[in-house]
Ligand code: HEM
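Have a look below at one chain only, the form predicted on its own, in structure tokens format.
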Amino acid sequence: MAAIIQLKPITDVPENRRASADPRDPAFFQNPYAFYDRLHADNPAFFWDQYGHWCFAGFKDVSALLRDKRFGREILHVATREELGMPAPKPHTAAFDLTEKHSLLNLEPPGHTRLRTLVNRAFVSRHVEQLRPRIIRLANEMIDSFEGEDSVDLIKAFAAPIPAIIIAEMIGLPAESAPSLLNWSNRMVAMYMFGVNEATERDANQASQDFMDFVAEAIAERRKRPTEDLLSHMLTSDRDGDRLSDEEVMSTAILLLNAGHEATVHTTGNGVKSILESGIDPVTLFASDAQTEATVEECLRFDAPLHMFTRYALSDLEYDGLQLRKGDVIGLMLGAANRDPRRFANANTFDPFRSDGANVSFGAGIHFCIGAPLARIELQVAFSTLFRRLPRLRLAEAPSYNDVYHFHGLERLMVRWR
């Protein structure tokens, strides 16, 4: 399923608990924070009319619900389609659905535990730290390629290639495949748009099929000649006779390739924008390793790459006085939680020197982002290298965000440095 959606209509909602904002309205997705400010002032736990389900915008609630095992990313392990009134799968999204069938993002225990245990060791901090020299070289190579120009779209020229190449190489795919991986990923992510139409579904499905064909070839090659990469590890790992199927390996590889760059690309673009618009001297932001880390965390908080993560209620339950039915959806608003004035002083101010720094941008609980240690290193290197090499970096035009509310990232980021 492309996105978790409310299956049974909810009708008994008091008017004072409702809120309305069209996710496809440019005025909204270019600046959702004005909407968040109203929520924090009135109802941080509210019913979003357009989505048709309950949402939570407060930091305390979002953090708690991400860890609450009464909610899950999948529902069909505890209920039938008939019971939930869930429609049959669409034939024209069969390939996309197959890529998500064994996705770590959607699985619940024990399936999730099994897959995550296998993959996790590749992403622990001590392992990804060894990639730092490669990331530094790559960041400098990207800057070398455009430094002689007058201006550049930093998303295409810098933010997107670095994490795409790194995750491809980790899995065992050639760096030259990164542009194709980015293309397939961007088209698949469109499935998470609000009100997605059939044309978009079919295009995402074709991208999914092309992606699967590419990974299938790599799997066949690794079965013949295993190497020292994550793909070979997934194919050859044996836990008490339990081996992953090709479908499981394919789904996991595609998830890692997609998730392994998507949030990092958005945070790089959003973060550079935040730094340039803040007026703070970048020299002070990267004067030490500790301050570089703090700057990255503030970029993640201030303009998060993912703004909503949805979950199903796995049974009839009550949360903070709210009665939920089995199969009801809740929206956990990560971007809003990061701007909660009850949690952060001057929440709408970009302040890399704050003493109350924290964020939920990588999630929490069993679905905490497995690639967070890698993403943090990529962001630390990208920001510090960029502003060291181009100290006069500035915006060349007003940045604009993509029309994909969940994935909050810039369509382009035109900059100058001369």
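So that there is no doubt, residue numbering starts at 1 and follows the sequence shown. Only a predicted model underlies this, so the values are computations on that prediction, with no experimental measurement involved.
This protein has a second form, the form predicted together with this ligand, left out of what is shown; the following refers to that one.
Engineer: Looking at 116-124, 212-220, 269-277, 179-187, which one sits within 4.5 Å of this ligand in the predicted bound form if you count heavy atoms only?
Structural biologist: Selected range: 116-124.
Engineer: Pick from Leu231, Leu300, Ile155, Val329: which residue has any heavy atom within 4.5 angstroms of this ligand in the predicted bound form?
Structural biologist: Only one option qualifies, and that one is Leu300.
Engineer: Go through Met142, Met250, Leu256, Ile75 and name the one with a heavy atom inside 4.5 Å of this ligand in the predicted bound form.
Structural biologist: The residue from Met142, Met250, Leu256, Ile75 that makes the contact is Leu256.
Engineer: Taking a heavy atom within 4.5 Å as contact, would all three of Leu138, Leu390 and Leu413 count as contacting this ligand in the predicted bound form?
Structural biologist: The answer is no: none of the three residues contacts the partner (heavy atom, 4.5 Å cut-off).
Engineer: May I ask you to state whether Ile162 is within 4.5 Å of this ligand in the predicted bound form, using heavy atom distances?
Structural biologist: No.
Engineer: Check Phe353 for me: does it contact this ligand in the predicted bound form (non-hydrogen atoms, 4.5 angstroms)?
Structural biologist: The answer is no: Phe353 has no heavy atom within 4.5 Å of this ligand.
Engineer: May I ask you to check whether Pro305 falls inside a 4.5 Å heavy atom distance of this ligand in the predicted bound form?
Structural biologist: Because a heavy atom of Pro305 falls inside 4.5 Å of this ligand in the predicted bound form, the answer is yes.
Engineer: Counting only non-hydrogen atoms and a 4.5 angstroms cut-off, does Arg343 reach this ligand in the predicted bound form?
Structural biologist: Contact check for Arg343: no, nothing within 4.5 Å of this ligand in the predicted bound form.
Engineer: Can you tell me which bits of 355-376 touch this ligand in the predicted bound form, meaning any heavy atom within 4.5 Å?
Structural biologist: Stretch hits, in order: Ser361, Phe362, Gly363, Ile366, His367, Phe368, Cys369, Ile370, Gly371, Leu374, Ala375.
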